[in-house]
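Quick heads-up: the structure tokens below are two forms of one chain, split into structure 1 and structure 2.
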Structure 1
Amino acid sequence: MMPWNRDQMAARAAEELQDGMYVNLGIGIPTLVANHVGDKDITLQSENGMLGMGPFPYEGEEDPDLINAGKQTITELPHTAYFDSATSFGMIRGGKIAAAILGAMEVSEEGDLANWMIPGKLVKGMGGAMDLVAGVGRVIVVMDHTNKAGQSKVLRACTLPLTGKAVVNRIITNLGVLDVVPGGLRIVELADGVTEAELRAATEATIVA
């Protein structure tokens, strides 16, 4: 079995993006998606109040007034626009952002997403994740198919507190691509060298033909 690595998962996620889209990328592997958009005209939204997010600044050119939602220093582009947080989430809640690509701890076969809290362990907060998954046009999850203990993260039902209920459209993992459809998940694509049997074995959720 030759699962996709982080960069290959990001490259596959970038294929989801079409010319002209306004997109929000989460922290982790989703951030790497920006490296794979090629010639496509994609405008990145940062929910702290920016459309048209540029790359990291050159050393010595960091501006404390210019950060992304991960609090990292970034740069602006010629078409950048800034706005306040209420306006930012207005465009998110209002469905103006075409897609959000974000990481997850668990996804269920009904499209439920858990990615913000592990009771008793991780209580940092949901940030803008709940608003994003409830508001944007399409929610694409990018994550490893299993956790470090080898247990499936693609479940019949999430065990962790939800970020959103029935919000995920597509799941891209190191083993392949799955869509949330009525009755369960449909296999869209297998990672190179991964068999359907291997993907099914790593998936707790119902897979429909």
Structure 2
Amino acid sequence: MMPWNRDQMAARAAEELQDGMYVNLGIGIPTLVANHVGDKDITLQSENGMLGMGPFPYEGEEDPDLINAGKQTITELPHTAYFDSATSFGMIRGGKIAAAILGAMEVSEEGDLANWMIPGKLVKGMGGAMDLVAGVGRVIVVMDHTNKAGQSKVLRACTLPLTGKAVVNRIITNLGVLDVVPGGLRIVELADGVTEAELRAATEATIVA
């Protein structure tokens, strides 16, 4: 089995984006999507107050004042705009953002998402994910298919506190791409070198034909 690495997952997620879209990238693997937008006319929004994010800077060219929601240094573009959090969340809650690409700890077969905390562990806060899943047009999750113990993160039902119920449209993992459909998940694509049997074995959720 040859699953996708983090960069390949981000590149696959970038294929979901179409010209003219305003898109929010979550913390973790989704931030890498900015490096794979290419020539597409995509405007990336960060909930900390930036519209028009560029790719990550080259080493030595970082500007500590330019960061994304995950506190990583990024670059600006000629059309970049800056604003306060109230305006940022007005865009999100007002339905102005076409899609969000988010990381996850767990996703259920009904599209429930858990991505903000593990009980008993110190967290900085829930961030903007709850607003994003409620306000954007399409939610795409990018994550590893299993946890470090080899247990599936694609479940019949989430065990961690939910970020949102029935909010996920598409799941991109290191093993392939699945869509949330009535009755469970449908396999859209397999990662290079991964068989359908391997993906099914790593998935607790119901996979429908």
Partner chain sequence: MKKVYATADAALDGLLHDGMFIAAGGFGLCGIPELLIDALVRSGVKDLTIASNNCGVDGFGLGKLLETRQIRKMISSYVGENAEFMRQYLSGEIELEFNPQGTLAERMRAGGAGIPGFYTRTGVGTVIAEGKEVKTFDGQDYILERGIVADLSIVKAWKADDTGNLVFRKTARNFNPPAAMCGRVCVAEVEEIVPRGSLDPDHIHLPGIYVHRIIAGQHEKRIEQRTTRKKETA
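We call the rigid core the largest set of C-alpha positions that still match within 1.5 Å between the two forms. Residue positions are counted from 1 along structure 1's sequence. Just so it is clear, the model here is predicted, and its values are computed rather than measured.
One chain, two forms displayed separately, with the form predicted together with the partner chain being the first of them, structure 1. Hinge annotation between the two structures, restricted to Leu66, Glu110, Met143, Ile92, points to Ile92 (rigid-part boundary). Two rigid parts move between the two structures, and the turn of the smaller against the larger, rounded to whole degrees, is 18°. With both forms fitted on their core, the C-alpha atom of Ala81 sits 2.5 Å from where it sits in the other form; this compares the forms between the two structures. Here Gly60 exhibits a Cα shift of 8.3 Å between the two structures, evaluated on the superposed rigid core.
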